[in-house]
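One chain is shown next in structure tokens, namely the form predicted on its own.
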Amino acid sequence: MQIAYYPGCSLHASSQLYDIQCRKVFRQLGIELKEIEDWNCCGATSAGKTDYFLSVALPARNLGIADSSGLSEMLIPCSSCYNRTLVSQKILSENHELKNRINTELSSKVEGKVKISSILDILVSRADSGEIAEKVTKKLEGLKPACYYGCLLTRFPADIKISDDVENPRGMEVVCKALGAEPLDWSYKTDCCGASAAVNDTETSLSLMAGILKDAVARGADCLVTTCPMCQMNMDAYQDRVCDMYGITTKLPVFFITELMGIAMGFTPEELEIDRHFVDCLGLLKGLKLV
């Protein structure tokens, strides 16, 4: 089975390990990710703050390429890319004048045929069907993750219908349970980590990260798990600073969902590049005898 694949900028740069893991895990599930040709940046949150037309047109070009691929569904692992692309598709389906204006300049026209799916859209259905459990060779027994969705995966600046609960999503928990882990209930699963504001408003972002980390620790989590490259980067790369500033004595590894899946499916930490995190992840996995 083939699915169109838009990795976005993060998965070709700072979160390249996420791209590697996605390809390995989905291949194990019998899904070939076919990266769309000559894709461009979706504009992320920056375009939406500076130029409305660009915020729609940038992902529209990728939509046109996906529509012309002959595939019916496109996976977008990055929450920001998923959000912006889905919003652009929605806007263009309702604003035919804007769609015609953009299509005039595109070699691959936006037709609105391709289904845009987040990584959880695809994984939850495979968890519900039992396909993921069938691929598990080592259950993640004893692992207690706090599933961190961030603010972009379920909330949109448009009327977008999603399959999960907006304020209390449960999809990642479904996948974690299929892997044998014990995901915890907690209060900060959809709170913002500061995203790119970590660069230009660091103090505010660190405060947001501290609230997330404190609650996860208080609930007894031994790690965070996410699908968003920006959330993973912030909570991982800034965690030492957050702990020092806010007196947090417990540090939590920050996994991508694909890392937990990969370990449960029998991949080695080296194959998944788990050693590339800022906060050590291997100590927890070794302590639980998962690697």
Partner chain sequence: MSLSVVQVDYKLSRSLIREVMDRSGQNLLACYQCRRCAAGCPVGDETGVTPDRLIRTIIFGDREKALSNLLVWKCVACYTCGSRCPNNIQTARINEALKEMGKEDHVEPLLPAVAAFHDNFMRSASHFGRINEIEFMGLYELQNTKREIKKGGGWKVVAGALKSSARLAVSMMKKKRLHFRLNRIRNLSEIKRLFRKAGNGPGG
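Residue numbers count along the first chain shown, from 1. A quick note: this is a predicted structure, and the numbers were derived from the prediction, not measured.
The following text describes the form predicted together with its partner chain, which does not appear among the structures shown.
Peer 1: Every residue in 49, 151 and 276 with a non-hydrogen atom within 4.5 Å of its partner chain in the predicted complex?
Peer 2: Yes, the whole candidate spot contacts its partner chain.
Peer 1: Quick one: which of 261-269, 66-74, 22-30, 228-236 gets within 4.5 Å of its partner chain in the predicted complex, going by heavy atoms?
Peer 2: After filtering at 4.5 Å, what remains is 228-236.
Peer 1: Here the chain is shown alone; which of 165, 134, 105, 94 has a heavy atom within 4.5 Å of its partner chain in the predicted complex?
Peer 2: Spelling it out, the residue with a heavy atom inside the cut-off is 105.
Peer 1: Though only this chain appears here, would residue 184 touch its partner chain in the predicted complex if you measure heavy atom gaps against 4.5 Å?
Peer 2: Residue 184: no, not in contact with its partner chain in the predicted complex.
Peer 1: Give a yes or no for residue 248: in the predicted complex, does one of its heavy atoms lie within 4.5 Å of a heavy atom belonging to its partner chain?
Peer 2: Result no; residue 248 lies far from its partner chain in the predicted complex.
Peer 1: Would you please decide whether residue 43 lies within 4.5 angstroms of its partner chain in the predicted complex, comparing each non-hydrogen atom pair?
Peer 2: The answer is yes: residue 43 has a heavy atom within 4.5 Å of its partner chain.
Peer 1: With the partner left out here, check for me: in the predicted complex, does some heavy atom of residue 157 sit within 4.5 Å of its partner chain?
Peer 2: The answer is yes: residue 157 has a heavy atom within 4.5 Å of its partner chain.
Peer 1: Taking heavy atoms and a 4.5 Å limit, what residues of 114-149 are near its partner chain in the predicted complex?
Peer 2: The stretch 114-149, when checked against its partner chain in the predicted complex, contributes no residue at the 4.5 Å heavy-atom cut-off.
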